[in-house]
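In C-alpha cells, the next block holds one chain alone, the form predicted on its own.
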Amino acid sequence: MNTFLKSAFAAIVLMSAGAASADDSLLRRVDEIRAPGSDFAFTVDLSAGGSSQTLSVSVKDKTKSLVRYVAPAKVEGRSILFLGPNMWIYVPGTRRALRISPRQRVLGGVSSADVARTVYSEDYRVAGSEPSGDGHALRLEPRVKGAAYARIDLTIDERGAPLKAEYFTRGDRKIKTMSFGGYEPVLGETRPTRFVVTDHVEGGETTMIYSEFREIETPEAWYQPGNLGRF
C-alpha cells in the first residue's frame, strides 16, 4: 500500500511539473510576442481625457528599462528608470533621482510599470491556467518582491498572443483592465501596438500606441540612477 501511495504521489508530482512547464512556456510565448528581444527601443504615445504624452523607451537585458519623456514641453526631460523591481524618477532641476512605486501613475490609468515593463515572466509566475475560447486564461502571481500587482488575470489566444489583462491589488480588488489590439508585423512577429487601459478606480480610459520599434543595444551607463540627469 505504501509503495502504491508513493507511486501515485510521484505520478501526481510529475503531472503537476509537466503542467507548470507548459504554463511557463505559454507565458514565455506571450513575452516573445510583446517584446522583440532583450535589447530594443520603441516610442509610446499616451492619451487620456484630452491630455497626451509621448515617451521614448529603451530596454536592456529584458529587466532594465529607461523611459524618457519627449512631449509635452512641461514634462520633457523627465525620465524613469526600472531595474528589476526597483524604479526611480528624475525631474530636471532636482539634485537626484527619487525612488518611486512601479504603480506610480504616468497618465490616466497607466502606471510606470505598464510602460517600462514589456515582459511578464521576469516578475510573475503562472499560478493557474484553464482553457478560454480558443486560447487560455492564465492567473499570474508575483515571483519577486516588489512586483507592481498582486495578481494578473491574463487571457491569450491560441498562438499565445495577449488579448486582455486584469490587474488586482493584494486585497483582490480589480484596479484596471488592459486590452491588447492593433496587431501588426513588427520585427519578424505580429505584435500588439495599441493598448487600451480601463481604470476601475477613478474611471476613464487611457490609450497607448506603440511605434518605432527597433533592435538596439544601449550603453550600460544609461541604466544607473545617478546618471539619469546626464543623458
Partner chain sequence: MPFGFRALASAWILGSACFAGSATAAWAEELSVATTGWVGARVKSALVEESTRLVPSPEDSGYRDNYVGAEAALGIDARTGKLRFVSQLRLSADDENDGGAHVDEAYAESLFGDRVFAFAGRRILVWGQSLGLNPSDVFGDQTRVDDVFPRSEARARVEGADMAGADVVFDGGGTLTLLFAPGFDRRDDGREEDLALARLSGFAFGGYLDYAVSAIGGDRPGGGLSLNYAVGEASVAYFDGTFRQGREKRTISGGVARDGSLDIHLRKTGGITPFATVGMGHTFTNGLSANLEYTRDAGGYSEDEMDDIDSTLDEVTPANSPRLMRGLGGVNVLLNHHTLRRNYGFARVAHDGPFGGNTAVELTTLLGLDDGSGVAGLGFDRPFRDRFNLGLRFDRAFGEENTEFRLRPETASVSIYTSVKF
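Residue numbers count along the first chain shown, from 1. This is a predicted model, so every value here is computed, not measured.
This next part talks about the form predicted together with its partner chain, which is not shown.
Residue contact with its partner chain in the predicted bound form: R159 places no heavy atom within 4.5 Å of it. A127 falls outside the set of residues with a heavy atom inside 4.5 Å of its partner chain in the predicted bound form.
In the predicted bound form, its partner chain lies farther than 4.5 Å from every heavy atom of S179.
The closest non-hydrogen atom of P92 lies within 4.5 Å of its partner chain in the predicted bound form. The stretch that touches its partner chain in the predicted bound form, counting heavy atoms within 4.5 Å, is 165-173, out of 38-46, 165-173, 180-188, 22-30. Contact annotation for 202-216: a single residue, E202, has a non-hydrogen atom within 4.5 angstroms of its partner chain in the predicted bound form.
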